[in-house]
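Below sits a lone chain in structure tokens, taken as the form predicted alone.
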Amino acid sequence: MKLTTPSPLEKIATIEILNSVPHGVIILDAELRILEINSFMEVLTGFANSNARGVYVDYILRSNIDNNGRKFREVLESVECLSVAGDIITQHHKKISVHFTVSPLMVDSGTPGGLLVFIEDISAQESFDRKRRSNDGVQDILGLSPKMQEMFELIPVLAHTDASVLITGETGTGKDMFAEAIHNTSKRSRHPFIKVNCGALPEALLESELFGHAKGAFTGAVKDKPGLFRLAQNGTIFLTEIGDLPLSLQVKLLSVLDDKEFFPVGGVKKVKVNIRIIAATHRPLRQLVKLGEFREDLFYRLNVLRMHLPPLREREGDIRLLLDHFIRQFSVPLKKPIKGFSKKSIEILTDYRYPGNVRELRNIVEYAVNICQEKKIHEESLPKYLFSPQTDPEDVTMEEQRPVETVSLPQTIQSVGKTDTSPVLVSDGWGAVEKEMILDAMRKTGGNRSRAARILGWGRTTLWRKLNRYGLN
């Protein structure tokens, strides 16, 4: 890099370029006096550029890596770049972990005429690393693959803001663990982390659980109930399976996101909350928006920050890592001296596609450890379904490829969904029977889901979930 005397216009352009860099930048002359610092460096140290010009660098940049400019002078003498981690003390006496990159600036004579110093704030990453080593649950997320390393690097970035986060990924990929990791790394970590499964409760009960209710709001409401949003005050509320949230509650959630306040069920006074919302789903929300099953405005309000977790089949090398971890986890409590897997078992387990991802792998190892009576787990101790032909999780189900047989519904089933004994086409046991029951109920009600759910004896949320499961939407 050449160091020449810039014109006024060049100097303005240089300052603009420096200010656009998202790290601290200092330009020094050969005497280690400051020529320029950028705006990021002003914020980092607390010193203004106008006050720093002409001042020796060690008066502004108080660091543990440099004693009276010794390291910087070594760069000038050796003309070799320096890259090292350290920390600085700001004007307000705050210690910040940073990474220094120091490069010589060459003049026309070919000798160094100054230094260019880049300073990257790594305090967020270090904070995350410390919490991963502590007992906060983050250390339970295992992965050495490049895709998982990207996820780990994203956690401190998402933790340093209060914006909504949408975590997507297939079932069993660890969405709840990453949500808790973001919370534990954030400034809200001392406050509650509350998890809510939006598909686990009927609509009326879910509303009361989330927003609370006033005394007398309905039969059995003998006293005020605060609700999970109020219990999560100053913390994080994690809405898993957000795609299953009923439309009526989606409107209310949107109000919470926009205004940070809501009415409890049966209440007349608004409740204000200070919370962060993290949502997760394994379902394609964009498609649900097109189908009218999910509000578009809520989707964009939740999708401010996005984390998409990779499926296990795309995490190169992580299967072996997880196998070793789970075998220790399950064999120690059972006091079984199991040392690992046989070569054949490893081949079977690494070739499997894992539609249930890490959760499925964990269950497989738990089953094998309980069954195994030897020092190594052989294929005989693995679940039998692993040896069946597999369908890629991204492909259509095998139901379309199986032969169709004709059966009659048992009387108990007929009484729920049918009133005659006409045969139905069944391709996959109970699943096909249940699908036919749903179709029959929907025909009788002209497509009215609420009435169809009552005929079937289900809640509306249950019917909606099964409609999606069988592709009937």
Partner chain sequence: MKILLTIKKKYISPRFDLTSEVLVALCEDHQILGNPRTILMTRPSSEELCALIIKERVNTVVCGGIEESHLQYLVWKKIQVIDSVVGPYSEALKAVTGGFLTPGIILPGAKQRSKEE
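Take the two forms, find the largest set of C-alpha atoms that superpose within 1.5 Å, and that set is the rigid core. Positions refer to the first chain, counted from 1. Since the model is a prediction, treat every value here as computed from it, not as a measurement.
In what follows, reference is made to the form predicted together with the partner chain, a form of this protein that is not presented.
- Residue in contact with the partner chain in the model of the complex (any heavy atom within 4.5 Å), chosen from Ile88, Ala159, Ile167, Ile277: Ile88.
- A heavy atom within 4.5 Å of the partner chain in the model of the complex is found for exactly one of Arg359, His378, Lys260, Lys95: Lys95.
- Proximity of Asn64 to the partner chain in the model of the complex: non-hydrogen atoms within 4.5 Å are present.
- With a 4.5 Å cutoff on heavy atoms, Val55 counts as touching the partner chain in the model of the complex.
- In the model of the complex, the partner chain stays beyond 4.5 Å of every heavy atom belonging to Leu35.
- A residue is said to contact a partner when one of its heavy atoms sits within 4.5 Å of a partner heavy atom; Glu31 meets this definition for the partner chain in the model of the complex.
- By the 4.5 Å heavy atom rule, the three marked residues Phe326, Phe330 and Asn363 all fail to count as contacting the partner chain in the model of the complex.
- Phe294 is not among the residues whose C-alpha shifts by 2 Å or more between the shown form and the other one once the rigid core is aligned; its shift stays under 2 Å.
- The rigid-core alignment places the CA of Phe229 less than 2 Å apart between the shown form and the other one.
- Residue displacement note: Leu322 has its CA displaced by under 2 Å between the shown form and the other one (rigid core superposed).
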